[in-house]
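For reference, the chain that follows is the form predicted alone, supplied as structure tokens.
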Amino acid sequence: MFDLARRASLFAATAFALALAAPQGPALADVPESSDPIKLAVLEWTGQHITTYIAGQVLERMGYTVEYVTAGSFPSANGTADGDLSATLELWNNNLGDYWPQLLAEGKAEDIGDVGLDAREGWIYPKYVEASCPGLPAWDAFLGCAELFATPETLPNGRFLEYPADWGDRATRLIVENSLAFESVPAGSEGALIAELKSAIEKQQPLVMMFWAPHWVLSTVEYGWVDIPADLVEKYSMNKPHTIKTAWPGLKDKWPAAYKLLKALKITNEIQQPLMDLVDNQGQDVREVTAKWLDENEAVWRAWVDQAMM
């Protein structure tokens, strides 16, 4: 009798624990609506990886099969429109080029909402440069110090470190079209941008580069933003950017709960930057980092699931 009672008690406790662990919502039995994999685009920067793997792992916990597909910013547009990709998460509106807006306007891709980041973009320099260029971050002072940023390859012009070519060339166009005394050099990747910044700081060398926030490295260095005039900021789309999520238009019909989950997903700077540090600065695996975050922050993503199951 004691053994039977003990087994019954253990069974009840296990059932209660499973009930707590299960995603809440009346339509749970209908998820996944299709056994086909939901394919999420993985682009070129760590923040996008974090957003994508958090989204994908929540979908996996709901029962979906998820595939993570490496794609460039612009190739992901074709894939999303064709249905080869189910969603592309965290696109910056000022790096969309011409093709993404065209697809969104034509209804071949769908904007499913803001990611939730408090984003900024512009030209940064290490703070110690101000000692050699009095007047920074003022624009006129910056232009007057162009030769300070020169290298043997760019003399007499200053060297400007641009985004990787696939991310767009807005800073380069600003320099060329306004005849600034700088030569723009594209970085090979996000990692190359970080490596150059770290190297310049280690050697106390001048550097000016295109960059963005949120980013983990900005919490480890002292830096300034060049005060670019408002008319140039507007003309070259360097105003305060926002980040969007996009989806294949068929997503809402094939996987309606997944569609609602991705719409509900919100990733803030407070979520993303510490995870960036773990991945980029401490060398941890992004999938393990995001899985641990999910384990420790169930209340956050459970709210997204609740909205998806309504």
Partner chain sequence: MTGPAAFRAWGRRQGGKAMALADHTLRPRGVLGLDLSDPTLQAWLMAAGVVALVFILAGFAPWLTKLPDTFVVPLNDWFNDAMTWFVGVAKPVFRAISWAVEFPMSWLQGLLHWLPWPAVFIGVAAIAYRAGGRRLVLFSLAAMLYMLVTGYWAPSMNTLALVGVSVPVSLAIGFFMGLLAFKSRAAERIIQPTLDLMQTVPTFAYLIPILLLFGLGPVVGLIASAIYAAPPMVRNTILGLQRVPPEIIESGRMSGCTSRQVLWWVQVPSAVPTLMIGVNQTVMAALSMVIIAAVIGSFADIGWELLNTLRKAEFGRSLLAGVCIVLIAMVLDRISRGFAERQAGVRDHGPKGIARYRGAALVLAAMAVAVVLATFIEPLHEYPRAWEFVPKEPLDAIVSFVNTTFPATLEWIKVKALFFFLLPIQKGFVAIAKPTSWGFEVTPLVQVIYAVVVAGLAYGASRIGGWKGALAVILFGGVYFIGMLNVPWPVFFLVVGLLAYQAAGRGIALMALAFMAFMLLSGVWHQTMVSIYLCGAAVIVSNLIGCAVGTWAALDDRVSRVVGPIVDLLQTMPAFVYLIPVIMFFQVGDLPALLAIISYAIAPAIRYTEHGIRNVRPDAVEAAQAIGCTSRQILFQVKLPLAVPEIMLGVNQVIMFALAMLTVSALVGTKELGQEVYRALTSADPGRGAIAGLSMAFIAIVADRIVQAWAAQRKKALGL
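Worth saying up front: this structure is predicted, and the values here are computed from it rather than measured. Numbering follows the first chain given and starts at 1.
There is another form of this protein, the form predicted together with its partner chain, and it is not shown here; the text below is about that form.
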Per contact check vs its partner chain in the model of the complex (non-hydrogen atom within 4.5 angstroms), the hit among 57-65, 275-283, 242-250, 255-263 is 275-283
What I'd like checked is whether Thr46, Asp166 and Ala192 together line its partner chain in the model of the complex, meaning each has a non-hydrogen atom within 4.5 Å of it. yes
Let me know the one among Ser219, Asn178, Ser132, Thr151 whose heavy atoms come within 4.5 Å of its partner chain in the model of the complex, would you? Thr151
The one option of Gly113, Gly122, Pro137, Gly79 with any heavy atom within 4.5 Å of its partner chain in the model of the complex is Gly79
Taking heavy atoms and a 4.5 Å cut-off, does Gly188 contact its partner chain in the model of the complex? yes
Indicate whether Asp98 is a 4.5 Å heavy atom neighbour of its partner chain in the model of the complex. yes
Close approach of Arg173 to its partner chain in the model of the complex, 4.5 Å, heavy atom: no
Would you classify Val69 as touching its partner chain in the model of the complex, given a 4.5 Å non-hydrogen atom cut-off? yes
Would one find the Cα atoms of Tyr99 and Gly191 closer or farther in the model of the complex than in this form, where their distance changes by 3 Å or more? closer
